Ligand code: BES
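Listed next as structure tokens is one chain, alone, in the form predicted alone.
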């Protein structure tokens, strides 16, 4: 510990009380202890004696999130005493701030500052949560030429081998033989065949938790082709699958006692002579027919087949994650994921956990009168509303048609991408709400 550099969290009063010997330096530096600022204090030999960090009124996960990339690449420790919960939060934020995505840049990797974790911090959780977050970020940040359905499948194989899980993958025409027609229809126009990734882990006697992730590795919009501006961000359209893989990794690494199942339909929504067309009517795994009002509303189609399969085993909880609608972003912005839930007590718990973990959600309603907007004149249901409002809600109502009424269900509609860099959350792919979902599951099984 003696070789590491101490970090003190201070406000103006702390500076006057405990760091008065540095006042001249602090005056020159202009440091007054404001939240979001820090000051490097030298010793008499010109080395770093200590770091002073402005202390906010409330400490949270992101208090130290920017320091790993801002401080000299040395080793530091927290000189103040914190509760185990606060120490864990602070250390996790520091660790998340170390992330860099430099896979495609030569000599771009920069050493990040290291933080020695206090003994009372939950070191296993910090390590596991950071690794899971980095997995999500890496998957979303990777360009499509290296992150296609086959690469999503490779990720599942690595998780299965690492944590001794069972993996089954249904591909191509076998999707039709085993009754996953919507997944097949969305992905059939691409040279990489669509597939359903099915991973299982845990003891059969444990509570059943099933996770479903939208794995659209690239979305052209199909024949209802997207604009160039909209298509530019579509490498992140598998962000739901990435989030689910990260969540599964965190669950398995932390050995949460659940019977885990992960379902990821992995496709590319492409344009070809065999692509699905607007107003096509297709069967679903549930047995009801779906009219394709718009081929760019493909994510809900692949999720529909996967959700119906997820409910077939009567799980105790189903969670799906998807970069599903722009309407959710219009309502809540890009940094706050929307969720829908069919059970009020589950929704209340998730909202509470989101605030406690600094990984918040906002609930939107499953407003049943809007279900009429999905009516089709030729099929049992349309995949889009016949109006232009409430798109996140009508998308969730479409998915609800493929969830059995007695199954507790959470649907997450997320951006999976930071448009700006914030402490601990660099611009690019992001695991939004993953830690809150993990904590919900961990509390669920207690």
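Small disclaimer: the values here were computed from a predicted structure and weren't measured. Residue numbers count along the first chain shown, from 1.
Just so you know, the form predicted together with the named molecule exists too; it's not on screen, but the next bit is about it.
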I'd like to know whether residue 262 contacts the named molecule in the predicted complex, with contact meaning heavy atoms within 4.5 angstroms. no
Does the 4.5 Å heavy atom contact test between residue 237 and the named molecule in the predicted complex come out positive? yes
Taking heavy atoms and a 4.5 Å cut-off, does residue 326 contact the named molecule in the predicted complex? yes
Is residue 184 close to the named molecule in the predicted complex, meaning a heavy atom pair under 4.5 Å apart or at it? no
So which of 95, 300, 249, 286 gets a non-hydrogen atom within 4.5 Å of the named molecule in the predicted complex? 300
Report the residue, out of 157, 171, 226, 148, that has at least one non-hydrogen atom within 4.5 angstroms of the named molecule in the predicted complex. 226
At 4.5 Å between heavy atoms, only one of the stretches 192-200, 309-317, 213-221, 351-359 reaches the named molecule in the predicted complex; which one is it? 213-221
Using a 4.5 Å heavy atom cutoff, which residues in 260-295 contact the named molecule in the predicted complex? It's fine if the answer is none. 294
